[in-house]
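Let's start with one chain on its own, the form predicted alone, as structure tokens.
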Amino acid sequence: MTSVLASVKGPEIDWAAFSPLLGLFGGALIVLMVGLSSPRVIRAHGVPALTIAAFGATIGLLIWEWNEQVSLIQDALILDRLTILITLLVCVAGIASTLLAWREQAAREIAHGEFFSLLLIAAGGMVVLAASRNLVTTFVGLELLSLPLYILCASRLRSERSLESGLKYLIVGSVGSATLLYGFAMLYGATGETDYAGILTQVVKEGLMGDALFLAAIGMTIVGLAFKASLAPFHQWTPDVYEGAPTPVTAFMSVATKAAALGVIVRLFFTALLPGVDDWRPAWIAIAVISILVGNVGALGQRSLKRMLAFSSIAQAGYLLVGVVVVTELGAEAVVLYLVVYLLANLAAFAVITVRERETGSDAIGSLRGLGARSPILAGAMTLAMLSLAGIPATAGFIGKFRLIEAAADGGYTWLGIVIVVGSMISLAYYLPVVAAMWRPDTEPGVDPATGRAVLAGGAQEAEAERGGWEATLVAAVMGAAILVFGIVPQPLFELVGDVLKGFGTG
């Protein structure tokens, strides 16, 4: 027995390539311990600072490994440039969300250590998901990102809406996870493999493209991933969860979860399931078109900014899927590029919402009335965010949508490019009123139209602004500036995305 155990060897691990994950999970452990054992001042300010340091250290480790392509844990994970870029996006979203949550009531209610350690664990799960090359690790990554988010959504313990948000996300997310797990089980049953490379080999070798079990596996996998990416018609949870969750958590979910989900869709369907492209492409096309229409139409008439951005995120996910369904290198580039510009716009928007929600107690569009006069920086950032999401020229969003339309036309799906244009035109009907509200003067000078309360003056006004937090203003300003810079000078983005996907197989 001893000799048998001695002959068993564990998987070889490249610790340098594994270091970004260690940075996130190690940071989560340190943040949790400091949050449990420190004085109140350290918990309130030191814990968020340590969280930002953990995300920053992870970014440094990623840059250190930029030119590497390493398989980890017997090819269950891979550190390549696609993994690195998605991890960078997750870390940027994590830093921005930490800044937004610095003064967050939810962090105080469940304790700072728990709140920010859960944020780091969720980010680690997203990295595992994006790096997976095996069905088992894909599901592990999915659950590792989902479970902390269920708790974070319900972290405002005194808010019924927050608790309802967490419960809804738990129930619907569990259904999505179960569906995906059944899909993976059927895929294993059809191919006898869990590795993406092995699945690809078996599909080609056995000619499984028309096999009933294989088709059922593809169908359930699509449904499970569509739940996680909040794609219509599997989007019902999104508006309620986005509205009820603490705004910094919503900001993180809206961009980081989508980046991880789209990353695994690209990796799984462009490699392991590529031979079945004629089977799965029509399903993704239908979901993309439905998402664009449902998201844009559903956002019309919304008075809550968070609900409006929830429906907007459904439409944006539909735009991203257009790059997936063309199954070309240009399509993959368009997906990754649009993920970057979407992150910039959404984080800028949620930063402004965070400030106004703390100052007025409301996330209604009316809470932005007169913001241009009181805070031009916030109003300018929100304006750029709305214009970018709508795809207006001179913003990064225009560059992203133009690339998606170009990919659709190049892949022979020009009509999908037209759907993107139509969806963008509809979106103007709910993005522009937000811009108009900010730059429209108050109807009653000195009165906030969102609350009916007098606007404070002098030192009291400064105290009110402090309650909103300089951290959120910083996030809004940086993201707004990036939207403008990359909209005017997009070449660095093109070079980055082209470098990331160099050599990535798209068939």
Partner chain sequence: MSTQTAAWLVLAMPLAGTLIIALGGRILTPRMAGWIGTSAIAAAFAFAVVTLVKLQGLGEEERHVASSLWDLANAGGLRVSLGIYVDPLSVLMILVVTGVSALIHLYSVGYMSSDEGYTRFFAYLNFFVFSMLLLVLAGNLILLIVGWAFVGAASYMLISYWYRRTTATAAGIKAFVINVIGDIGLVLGTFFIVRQMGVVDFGPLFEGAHSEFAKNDPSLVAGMILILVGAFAKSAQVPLHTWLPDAMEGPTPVSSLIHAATMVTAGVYLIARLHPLFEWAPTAATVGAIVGALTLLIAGTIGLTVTDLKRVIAYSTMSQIGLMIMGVCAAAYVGGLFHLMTHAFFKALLFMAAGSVISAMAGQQSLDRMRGLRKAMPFTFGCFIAGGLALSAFPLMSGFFSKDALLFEVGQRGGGWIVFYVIGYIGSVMTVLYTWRMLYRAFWGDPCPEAVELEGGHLHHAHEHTNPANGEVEDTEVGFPGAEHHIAERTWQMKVAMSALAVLSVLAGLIYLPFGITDTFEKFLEPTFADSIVTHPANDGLEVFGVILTSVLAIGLIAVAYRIWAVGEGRATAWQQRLPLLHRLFVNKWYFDELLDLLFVRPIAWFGRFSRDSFERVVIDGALVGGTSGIVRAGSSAVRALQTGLLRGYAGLVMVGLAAVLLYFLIRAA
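Positions refer to the first chain, counted from 1. In this text the structure is predicted, and so the values were computed from the model without any measurement.
Omitted from view is the form predicted in complex with the partner chain, to which the following refers.
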- Query: For this chain shown on its own, do 171, 211 and 243 all sit within 4.5 Å of the partner chain in the predicted bound form, going by heavy atoms?
  - Reply: yes
- Among 255-263, 401-409, 380-388, 109-117, which stretch has residues whose heavy atoms lie within 4.5 Å of the partner chain in the predicted bound form? 401-409
- Task: Find the only residue in 197, 175, 136, 147 having a heavy atom within 4.5 Å of the partner chain in the predicted bound form.
- Result: 175
- Which pick from 270, 102, 227, 430 sits with a heavy atom within 4.5 Å of the partner chain in the predicted bound form? 227
- Task: Although the partner chain is absent from this view, report whether residue 498 comes within 4.5 Å of it in the predicted bound form, heavy atoms only.
- Result: no
- Does residue 279 reach the partner chain in the predicted bound form, with heavy atoms at most 4.5 Å apart? yes
- Query: So, in the predicted bound form, is residue 191 in contact with the partner chain at a 4.5 angstroms heavy atom limit?
  - Reply: no
- in the predicted bound form, does residue 220 have a heavy atom within 4.5 Å of the partner chain? yes
- Item | Contacts with the partner chain in the predicted bound form, stretch 299-317 (heavy atom within 4.5 Å) | 302, 307, 311
